[in-house]
Every structure is written in C-alpha cells, then in structure tokens.
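Just so you know, structure 1 and structure 2 below are the same protein chain in two forms, each on its own as structure tokens.
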Structure 1
C-alpha cells in the first residue's frame, strides 16, 4: 500500500472498470482522488478483468464497428431482454453516452481489436478490447498512477459514516487495522453481492449451493449492505442477476469467460432426467445467453447438459474444458450419467420434429421444429451426425442486480430525500437499468458511462 490512508476530496470504493473510470474522471476535474480496492494487487480489477467488450451506439461505421447501431434499436434490444423492466431515462442516457466511450478509453491507453466476425453477431454492436479486460484495467491503473491518484490494495471498506444522507468518512480495514478516511464526496463502485454465498442462499435457498461464481471472489456486497442499512433507496430483485450457463467443471470462483458454453443454440439442452425444458434457438446468443443460468438454476439439482453432433463443431467458441464424446447417443448419455433410454427418446422426438429449412447461424433462420414442446424456433437440425458431444452445465453468476437507486447524475438517492454527496457506478447500481436479463457487453457500458458521470459529479461537488 503506497503510504498511509489520507483524507481526500473524492474517495472511490472499488477497483474495477466503473471505479477506475470514476477515479480518472474525478481527477480530470482537478480533484484529489483515493481509490480503495479490497482485493490484493494480483487480483485487482474485479469482474472487469474477465470481460472482453462493451456495447456501443453508433449511427455509421467506425474504425471499430460495422454498419450502424442506432439508439432506438439499442433501446429496443434492451427493452426486450429486460421485459421492459428498465428506467428508460437512465437507459437512454447510457446508450447515448456509449457513443463517446471508446474515444475516451483510447485516451487512457485502452486498445481495441478490429470488428469481430463469426457467429457471435457482435461486429456491429460491440467493441472488443485488445488483450481483454485485464489489459483494460492495467491501462487504467497505469493512468491512475501517472495522474497521482492514490491506490490502496487489500483495503476493505467495512463501514460508512453517513449523517442525514451526507457521507463523512469510511472505516477501512487495511494492514490488519481499522482506519478512517474522510472525503468531500464518495463514489461507490464496489460491485454486487454475488461472491457472498450466504447472501445468495438467503435469496435463492439451497439451490445457491450449486451456483458457480464466474468472476471475482471479492464482491461480497458489504458496501451495498451498509448503504441499504444507512437508508439508501434500494432497487432490484435479489434473485435477479447476470447468470449464464457455464461448464459444470469450472472452479467455484474466477472461472471467467472461458468456462461459458456457447453451443446451446446449435444443439439441445436436457436436464438430469434427459428432458428438454426451453427453446434453444429463441434468439441470437448475445441477446439470450444470459437467461440460461437462471433456466439451469430452475432445474433439478441445478444441472443441465448441452448435446450437439459433429456438424456443430467449429461453429462456436469452445469451453476451456473438452466435451464428453461418444459415437452413439446411448454412449454419450452414459458418459454424462444421464438416463440413456430417456435421452435417446428425447433426441428421437426432436429429430422427428425438425422441419426442412435453410440453416444459417448468422440470421434468424427458418430451421425449426413442429409439434414439440418446447419448440426450437431457429437453427434446428437433426442430431444425427456422430460423433456426439455433451457439456455439463451449471448456473454461472456474474453479478447481481440488487443495488442502490440513482438519478441521471449518478447520485445515490436516500429515503429521506436529502441531497447526497454519495455517487454510484457499475454493478452496484446496474439494477436501475437491468431489471432482469442481459445484453452482451452492456455491463461494461453501464460501468463506463456511470463511472465517468459519478467521477465528474463527485469532483464538482467536492470542489464547489
């Protein structure tokens, strides 16, 4: 830790993308800034270290994105995945401000790769970081050091002194001691509570014991709980989260993007009883992949299995773990410890229901089933080309949507209506915009946009 904790004008709690954007933006406005990261330096960056891209609005092709992705289409995509559970004003603010994000990020050393091609359908909508999220946070930390931002690792905020809605100081556990640090404005960007297994169990019950946490083990939700206890307005359902289907062999924490299973739309998914339970071809994967964690969580023992044949190989980003494989469905079922007769019957019924069409994974094609429940509405092809492959699936929790309510200036809203010198960015306030569901890259967009807003507004308040 560089030196002792000192009072400052803007205190930023968190160490990921949103926190770093806030710290840099506050420094741009001339404020003295201290950033507290609860993780050790080797694990800095939170969930942002596992990311790859952010979703950007643009009205014409750019150096990073093809065609156009206008505001109305962007908002329409968000409205569909959330089922309308979004604050439209904050959502549109995020979408509009996303157009300027990549230019600002480049100024701090973030590099991008050319527009992505292939079956993820993201070359028009998402800008990908060269080197991924780890490279992005490393550039931001380097910029913070150059600008004189004080960064402290292994510095966990355990309490906040808030009087009538106004922040005075934080109590920080660092170096085995509790210390106080005061500031004129506070930015909270410390993530959700997805790593707090006891809290997940309160929300989900015993099912949570089978959840895997895709990202950092340090997002315990302590600052979120303190804010709620200090009368911050909360928003969001504690059971709603960014939850994807990941390889059941992934570690409990920090498995990251490489554990995600991306072949669902190319095959079928069955539960432990060998039965299908949802339309695998409902929509393009970047719009629907984040529903599959919740779907698997609702199955017996929170386990499911994706089954594909040889024609799907090479059409998706493979998991870090190799699939199980066999020359027959019976053999594959045996390897996956599934009831062979039931899986054989499920595959047979699916194959018989497939109707002729022109398969094209780049569009919502006309390959579908008829007379099946649930139907598969796109990309339905008979599973009849051995060898056959299977991946075991578990719910992979990325971040939770329970958070604090904010306005367009990123101000945390207090129950008593008092003006607040507390601002929020990133996962801790994402529930204002994401009531449920997810769009690929949108978490980083929220963090970048509201991180910049929170930092600027906190600095203006601190130096007023």
Structure 2
C-alpha cells in the first residue's frame, strides 16, 4: 500500500468508473482526495472493467457518434425500458450531462473507437471505449496517480460513523488491521450487492444458489447496508436485479461479456423437463436478452437449454464455450442430460407448428408457429438440419437496483431530512433513474455523470 491511510478532504469509497470520476472531479476542484478500493489491484475497477461503452445524448453527428440522439428520444427509450420507473428530473439531468462526458473522458486519456463488430445498431447512441472498460479504468487510475490522489487497494470500508446525517469517519479494514479515516465529505460509489451470495439468498431464496454473477466478486454491498442502517433513504427493491441468460458453464464470478448466448432467437429453449416456456422470437435479441435471466430463474433448478440446428451456425456471436452437439435430437438430449422422449416430442411439435415464411433475421420476419403454446412469433424454422447443438443457460446477474436516494447534487438523502455531507454515484444510486430494465451503456453514463457531480459537490462542501 503506498503510504498510510491519511485523513483527507474528500473520501471516495469504491474503485470503478463512478468512484474514479468522483475522485478526479473532486481533485479538479482542489480537494485532497483518498480513494479506497476493496479489491486487490489486479481486480480493481468493479463492474466497469467489463463494460465497453456509454450512451450519449447528441444533437448532431460527433467525432464518435453518427446522426443525432436528442434528449427526448433518449428519455423516451429510458421511459420505455423502465416502464416509467424513473425520477424524471434526475434522468433528464443525466441525459443532458451525458453530452459533455466524452470530452471530459478524453482529457484524462480515455480513447474511443467505432462501434464494435456485432453492435452496429449502437453506433448512433453509444460511444465505445478503445479496449473496453478495463482500458478506461486503467487510464483513470493513471490520471489519479498523476494528480496526487491517494489510492488504496485491498481497503474495505466496514463501517461509517454518521451522526445525524453528518459523516465523520470511515472504518477501513486494510492489511489485516482496522483503521479510521476521517474526511470532510464522503462519496460512496461502491456498487450494488450482487456478489453477496447470502444477501441474494435472502432476497431470492434458495434459487439464488444457482445464479451466476457476471461481474466482480467484490460488490458485497457492505457500504450500502451501512448507509441504509444509518438512516439513509433507500430506493428500489432488493429482489430486483438485472439478469440475463448466460452459459451455465460460466464461472461463478467475473465471466463478463464472453459468457453470453446469442442464439436464442434462432432456436428453441427448453427447461429441465424438455418443455418450451417462452416465445424465443418475441423481438430482436438485443431487446429481449435482459428478460431471459428472469425467465430461466423461474424454471425448475434455474436451468434451461437453447437448441439450434446447423442452419443457425455463423449467424450469432460465437460463444466462448463450444456447444454440445449430436447428429440426432435424441443424442443431443442425452448429452444435455434431458429426458430424450420429451425433447423429441417438443421439437416434433414445434417443427409441425412452423408456418412457411421468408426467414430474415434482420427484420421481424413472418416465420412463426401456429397452434403452439407458447408460440414462437418470428424466425421460427423447423429444427431438422443436423448436426444439432445445445447450450445450457443459467441466470447471470449483471447488477442490483437497491440503492440510496439522492438529489440532483448527488447528495444522499436522509430519512429525517437532515442535510448530509455524503454523496453517491454509480450503481449504488442508479436505482433513482433506472427503476427496472436496462439500456445498453446507461450504467456507465449514470456513473460518469453522477461521479462528476458527486466529486464536485463533495469538494465544494469540503472546502467551504
């Protein structure tokens, strides 16, 4: 650890994008800043290391983004995915401020690139980081070092001393010792609680044991819990999380982007009993992948299997795990440990229900089933061209929605209405704006916008 823990003007808890944006912004305003990252250096950056872009408002083409993405359309997209569960004032603030983000990021060394292969539909709305989120995090840490921000790794905050909304000091566990660090203002940007398996079990019951965590293993939600216990007003429901269907063979933590399975809309999905349970072709996959985590979580033993035939090969982003494959449905079922007769019957019934149509994966085509429950409403083609392939699916949690309530100055609101010197940014407050659902790249937008606001406001408060 470089130097001992020292008291400072602004203490930042967390080590991902939001925390770094807050630390850099507070330093810009002249404050002395200490940042505490609970992870070791090799795993610094939290879930930001797995991200790749941020969603930006713009009224005209920019050096990074095509066309325009005006506030109204952006807010409309957000309203749709959240079903209206958003604080409009905070949401519009985030959207407007997103327009200035990329310039600020570039000044700290973050580099951008054109939309990645397979994500061309995001080229208008999302700015992609060259090398992805870990490259971005690396640049911010390098900038933090240049600017004299004290960064400590393996430094876990286990308690906060808060008296009537006024933060005094944090208790930090570092190097096997508990230490106090006092500051005039506190920024919490320590993420959600999705890595805390015990907490997930509390919220979800035993089903949670079968969930995989797509990101960091260090989002234990300790600071979130302390804040809630110390009478910070909370927002969101602990049973809500963003979950997608990922390959069941993925590691428990940190599998990230490569564990996704992108062929659901090209095939059928059956559960442990060999039965279909949802319309695989309801809408374009980028608009539907986020509901499949929950769908799989609701199946027995939280597992499902996507089955395709050889016609689907090459039409989706390759997966990191090779599929199970066989020349017959029966053979595939036995490889997947599924009841063969049930799967054969499911596929037979599906194939029989497929109506003739013109297959086109680029549009909502007219290939559908009739008389099936549930129907497959687009891209339904008989599964009859061997070899057949299967991918096992499990719910993969991306992030949790439970957080602390903030105002437009990123100030954490206390239940008794007392003013506080505590500010929040990133996943720990994202629930204010994103009550449910998700928009690609919006987490990084919230983190960047509110990280900057929190850092500035904390510095202003600390130096008043």
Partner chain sequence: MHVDDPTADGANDPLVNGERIMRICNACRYCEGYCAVFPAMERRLQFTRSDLNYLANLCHDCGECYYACQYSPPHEFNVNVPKSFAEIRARTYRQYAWPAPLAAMFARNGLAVSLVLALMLVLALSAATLVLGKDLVAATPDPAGDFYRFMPHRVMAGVLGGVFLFVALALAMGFIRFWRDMGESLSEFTRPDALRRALGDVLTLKYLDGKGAGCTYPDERRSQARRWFHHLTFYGFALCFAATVVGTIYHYAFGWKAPYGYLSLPVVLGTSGGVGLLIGPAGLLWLKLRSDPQTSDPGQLGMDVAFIALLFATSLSGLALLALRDSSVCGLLLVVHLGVVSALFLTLPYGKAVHGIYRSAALVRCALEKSQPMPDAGLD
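By rigid core we mean the largest C-alpha set that fits within 1.5 Å across both forms. Remember, predicted model here, so these are calculated numbers, not experimental data. Numbering follows the first chain given and starts at 1.
Is the form predicted alone shown as structure 1 or as structure 2?
-> The chain shown first - structure 1 - is the form that fits the description.
Can a Cα shift of no less than 2 Å be assigned to residue 359 between the two structures, given superposition on the rigid core?
-> It does shift by 2 Å or more.
Has the Cα of residue 128 moved 2 Å or more between the two structures, judged after a core fit?
-> Shift of 2 Å or more: no.
Core-superposed comparison between the two structures, residue 72 Cα displacement 2 Å or beyond = No, shifts by less than 2 Å.
What is the magnitude, in angstrom, of the C-alpha shift at residue 344 between the two structures when the rigid core serves as the superposition reference?
-> Between its two positions, the C-alpha of residue 344 lies 4.9 Å apart after core fitting.
Look at the Cα of residue 312 between the two structures with the rigid core superposed and state its shift in Å.
-> Comparing the two forms, residue 312 shifts 4.0 Å at C-alpha.
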